[in-house]
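Single chain ahead, by itself, as structure tokens, in the form predicted alone.
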Amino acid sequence: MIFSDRDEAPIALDLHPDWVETVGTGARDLELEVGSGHGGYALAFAARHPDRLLVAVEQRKKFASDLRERAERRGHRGLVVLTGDARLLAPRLFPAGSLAAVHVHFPDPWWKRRHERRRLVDDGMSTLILRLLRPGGLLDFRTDVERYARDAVERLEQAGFENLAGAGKFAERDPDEIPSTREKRYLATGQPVWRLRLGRPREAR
């Protein structure tokens, strides 16, 4: 099966592919970015961590195509960019317990009540991410919407995540943390960002 733009086929993937063999890197850890946007985080990640493999899934075709081209020009073999809905692709792309980390940065909050079902961090996606992470694996979640953040921390903890900052608490910014394209603007202006660093417990609950 091909997960790509309709007019491009950069990589052919079957159910639960062997990522190291498919991509041809010696990557030790496999990570997922849900909604890569303009790609600032993905590109910086690939440059800093050539020993890891990051799969970036973006619904907007133009954003994904632009990011793929930039990654190819820079020689980032450990960055795979796919176009599609991560809710649908992730269960096919990754077996349970295979991901070292999942990165979700500034998802659309879908303000209207009738649109809340479209929010990325709902019960179904929370459970899916938890299942795909390996024991001790990390969920890196960031948003500029406090209400969304408070809903997310409650929902994710209820799903079974361990909050590394303590129950109900947000994480402090790590100075070595890679900012996304959007977050760079917030760091410059001082606009607050709510961060969650949650892990899949090492012991089954």
Ligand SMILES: C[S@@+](CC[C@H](N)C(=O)[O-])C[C@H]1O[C@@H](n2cnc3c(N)ncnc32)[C@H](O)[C@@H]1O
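Throughout, we count residues from 1 along the sequence that is shown. Please read these numbers as outputs of a predicted model, since none were measured by experiment.
Not on display, but discussed next: the form predicted in complex with the ligand.
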Is E31 near the ligand? Define near as a heavy atom within 4.5 Å, in the predicted complex.
no
Proximity of R60 to the ligand in the predicted complex, heavy atoms at 4.5 Å:
yes
Is there any non-hydrogen atom of R197 lying within 4.5 Å of the ligand in the predicted complex?
no
Considering non-hydrogen atoms and a 4.5 Å limit, does the ligand approach D123 in the predicted complex?
no
Since the partner isn't included here, can you check whether the ligand sits close to all of G37, D85 and S180 in the predicted complex (heavy atom within 4.5 Å for each)?
yes
Given 50-58, 65-73, 160-168, 133-141, the stretch touching the ligand in the predicted complex at heavy atoms within 4.5 Å is 50-58
